[in-house]
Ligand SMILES: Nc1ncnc2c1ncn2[C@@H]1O[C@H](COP(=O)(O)OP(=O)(O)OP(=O)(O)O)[C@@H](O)[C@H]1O
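There is one chain below, alone, in C-alpha cells, taken in the form predicted alone.
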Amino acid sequence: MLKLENIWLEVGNGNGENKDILKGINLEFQKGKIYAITGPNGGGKTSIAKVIMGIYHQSEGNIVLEGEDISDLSVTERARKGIAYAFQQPPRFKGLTVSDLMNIALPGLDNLQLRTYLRDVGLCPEDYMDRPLGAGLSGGEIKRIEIAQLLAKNSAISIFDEPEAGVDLWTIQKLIGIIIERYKNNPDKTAVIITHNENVLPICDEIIVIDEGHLKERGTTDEIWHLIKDDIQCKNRELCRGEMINEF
C-alpha cells in the first residue's frame, strides 16, 4: 500500500516568487487496483506522479510505502523498493540503440524476453532492436519503448504518465488490454495512470480528479465519470486541434 499524507509542493515561478502546485494531497493506493489521475492541465497530476517517484521532493508531508516512510529516499532507492515511472515525454539517449537501452535498464532479461515486451507495445523487435535512440524515432515510438521498459521491470507500483500520448488507437487498445491483464485484481501490483483518455478511464477501479493542486473528487468510474465526461470530451477536441497546454 502507498500513502500520500498531506503533500504540499512549492516551486519557483521564475520571478523570484514561489507557487503551490500541490496543496495538502492525501491519497491511498491499494494493491490489486488500477487508478486514474485526471483533471485540467496544470492542475498537478504529473506533479503527484513525480513526487511519488522522487523526481520532485515535497515541501511538506510524507510518502509511506508498506508502512515505511520513503519521503527522503532517492529515485534509485524508490525504484529498488518497487516503484516504476514512465514519463509523459521520455528522454532520448543519443549514441544508444533500443537494444542497448533495454539491456542497460533491464540487465536480468534475456533477448527473447526483451523482444516480447517490444511486441507487447506494438513494435516489431526485428525493426527496432538496432535502431538508434535519436531523431529517427518519433515521439510515439520513444513512448512505446519507455512503456515496454516499465512493463518489463515488473514493479509493484507502476506509474504511467499519459501512456496514450503520441500513440495510435490500436496501440492504446493493446496497452489497455495489457494493463488490465497485469494489474486488475493482482494482489501484488498497483497501476497509477495519469490520463485524460476516455478509453482508459473506464478500465480504472478509481478515478482521482486533481484541480489547481487540490484533490477535487475521488470515486469509482460510475461515481465520477458523469461529473467529468463533458470536460474530458472537450479536452479531446482541444488535443485534436493541437492546443494541449504543458503540464507541471
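Since the model is a prediction, treat every value here as computed from it, not as a measurement. So that there is no doubt, residue numbering starts at 1 and follows the sequence shown.
Only in words, not in the display: the form predicted together with the ligand, which the text now covers.
At the 4.5 Å threshold, heavy atoms of Q88 reach the ligand in the predicted complex.
For G32, no non-hydrogen atom is located within 4.5 Å of the ligand in the predicted complex, even though that partner is not displayed. Among heavy atoms of G61, none comes within 4.5 Å of the ligand in the predicted complex. When contacts are judged by a 4.5 Å heavy atom cut-off, T46 counts as touching the ligand in the predicted complex. Highlighted residues K19, G42 and Y56: every one comes within 4.5 Å of the ligand in the predicted complex, counting any heavy atom. With the partner left out here, the ligand still marks one of 63 to 71, 177 to 185, 214 to 222, 34 to 42 in the predicted complex; by a 4.5 Å heavy atom cut-off that stretch is 34 to 42. Shown here without the ligand, the chain has only H196 in 180 to 216 lying with a heavy atom within 4.5 Å of that partner in the predicted complex.
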